[in-house]
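To begin, one chain is listed below as structure tokens, in the form predicted on its own.
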């Protein structure tokens, strides 16, 4: 029985482990943190659960290949309660409001009533939402190993999705927003994705919801991570927590195993690096082995950028008038660093999940996009703990005032549970520049998929969201399966 060492117990690493266990391999996962899951996680403060990851579970539509894979690994399971999204998000501002309903015809009707002068832009938008509903995540084998017959099996995906992408070629989210005459629609379109992101990314995300995807499993991200870890261990795999890896031990073109930070050496026939891509090629493997496509993304900062967010979680003593799930509204403005005033803010109200807080309480979370210069400023003050904590508290206090003004019944009833920043993601997850998702290709640049191989090494493979597009749970899960597939193929066994 061949042994595979996997570095990183995120969803990608655990997916690879489960499939390899099913396929007859002996696997062990080494994880630096005290809990499995990577960024698929959450934690408790004052007995209240705070979620870090799943705002909506893309590609989760029943009957899809990704849905089946998520059932296989334990992300989803029969009988698990799911919150079914009625809408993607709501926005109120500029004297109007709009809801991006799961029922796209309802949304279209609201848009046309709100801004009949935007009819042509609205018609084009929904024409391409329909096309983007065909989006699926190919998971049978790595995309670089797919042939014409494999692509033919994807059906409408091959015909519709490229057409939707082409319709908005060279168009950013901000460009899409600016194409609307209505100030309500201009603001709303820019709320869920960074403004420099390709416009298609917003259309695809909304299409996930309209197609019947995007529902959320009860218990949130941490419960999902624990189900996946349990599935892996039930298959015979072993997770070593609190076990950071120093490097992969290489002899010529072969990896002999790994070396832990404490100096312990572990031998293996194969190694899968399922950690942050930058960490992999600055710590685990020599930097000169980084695949050319991946290196080009790191080097081309003008067209491939990263972003992060400032997060704050709150507990309200009582119930609020806020709708369940995600909503945004126009406010007087919040200023994080002095260079950019944010006039539209959003909140996730977790009243849809009874496991987060006591019945008579409300958990809220607010997030603010942080871009290149803003991210740098977080890292610049991170070593001064007093200054860093004061800055986090300052923003959280400003957020409390915004919520209180929007929901007058909450005055004096809001408690700050926790705050976290790009620095948090870098320290806890080794995330490159604190980015919790992978590179964002701008409007003039094609997204890049990097094969998860490390030349000239013959027995080291890569997994993780950084290898595919802008990242997230579906790509990370798929890349875990791809890494397992490559090892099975190399050994001539069926990938199960």
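It should be emphasised that the depicted structure is a prediction, and the values quoted were computed from it without experimental measurement. Residue numbers count along the first chain shown, from 1.
What follows is about the form predicted together with a small molecule, which we do not show.
Contact flag, residue 102 vs the small molecule in the predicted bound form, heavy atom cut 4.5 Å | Contact with the small molecule, no.
How about residue 62: is it within 4.5 Å of the small molecule in the predicted bound form, going by heavy atoms?
-> Judged by the heavy-atom cut-off of 4.5 Å, residue 62 is well away from the small molecule in the predicted bound form.
Check whether residue 327 has any heavy atom within 4.5 Å of a heavy atom of the small molecule in the predicted bound form, and answer yes or no.
-> Looking in the predicted bound form, residue contacts with the small molecule do not include residue 327, since no heavy atom lies within 4.5 Å.
Should residue 32 be counted as a contact of the small molecule in the predicted bound form, where contact means heavy atoms within 4.5 Å?
-> Looking in the predicted bound form, residue contacts with the small molecule include residue 32, since a heavy atom lies within 4.5 Å.
At 4.5 angstroms, heavy atoms only, are 291, 450 and 469 all close to the small molecule in the predicted bound form?
-> Heavy-atom distance to the small molecule in the predicted bound form: none of the three under 4.5 Å.
Specify the contacting stretch among 368-376, 383-391, 273-281, 121-129, defined as having any heavy atom within 4.5 Å of the small molecule in the predicted bound form.
-> Every other range fails; the passing one is 273-281.
Counting non-hydrogen atoms within 4.5 angstroms of the small molecule in the predicted bound form, say which of 441, 69, 457, 53 makes the cut.
-> Contact check passes for 53.
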